[in-house]
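One chain is shown next in structure tokens, namely the form predicted on its own.
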Amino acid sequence: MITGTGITKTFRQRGHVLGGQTVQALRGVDFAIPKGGAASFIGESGCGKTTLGRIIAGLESWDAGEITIDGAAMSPLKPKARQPYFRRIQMIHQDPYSALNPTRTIHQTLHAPLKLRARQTGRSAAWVEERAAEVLTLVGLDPGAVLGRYPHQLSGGMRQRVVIARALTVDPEMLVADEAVSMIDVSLRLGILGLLKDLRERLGVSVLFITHDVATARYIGDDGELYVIYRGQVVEHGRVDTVISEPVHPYTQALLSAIPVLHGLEEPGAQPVVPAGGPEAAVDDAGCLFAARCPFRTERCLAERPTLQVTAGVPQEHACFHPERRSVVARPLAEV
């Protein structure tokens, strides 16, 4: 079980041109990912979802809040003491073309972490060979055809499978997939998504999926949790199907409005939510972070910042003062 409470992260830009400005990437984010479970972080580029994923994988520090892994708080621990905990969490990066060393064969790529494990556990060289073949088989690749090749000799889909196989060499309890299919040919994406789903079911591995695509989030974790993030704040959270079928926050509605629908299948009277301007249109103040772009904003939205809450008649948490203002009819789940 991995939980986060009040996770905050601020990046400080350096240089005389930028004037030492700061960017608040995360603003008090809470989350919980159970063992063997699935969760998705969705939002537009720059919302903070990748930063949060890197923090969960132990690749980035955080300024305030607490990460807890199996009941152990990470903040009091020194970096070396955190390593055994974060080693259980492996990240699958967005770009399979830069994630692999082009000068190493797949055999060398997989053997490096396996040899380290063998030394730590007293296992033989034969085990290293067997385990390398086993993890490639798990991800749907033929070890005999792949081990001797270099990354440039593989397709994008095969490279991403190798990246996943490398993550499996340490027997992780969680995979953090950051836009894992965005740079793969469309015809191969379903295979990678199906693989992640299969690994979760067969190995009991938790999957955290980071994406801007609602459809892929639903496919990976149809029984999991969905966190909608806007400018570093979770603005809506609940079960995946609930959030998709009954979106509350205007930003969530806008994300769903962007899903293409075949002509003639729209619900009568459905009106898409189109936010005004881009994220840069908003400024940091005391009000709602989405207020500058929201078509439903009121004076209260401009003066006060809402926090996650549950209101009567709404099954999921949301950070909106006006959950009754739903201008968009949610897409039927079969269309997402």
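This one's a predicted model, so the numbers in the text were calculated from it and none came from an experiment. Note that residue numbering begins at 1 and tracks the sequence as displayed.
Form predicted in complex with a small molecule: not shown, discussed below.
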item: Segment assignment from 49-57, 300-308, 286-294, 27-35: heavy atom within 4.5 Å of the small molecule in the predicted complex; value: 49-57
item: Heavy atom within 4.5 Å of the small molecule in the predicted complex - residue from His212, His93, Arg159, Lys197; value: His212
item: 4.5 Å heavy atom contact, Ser45 and the small molecule in the predicted complex; value: yes
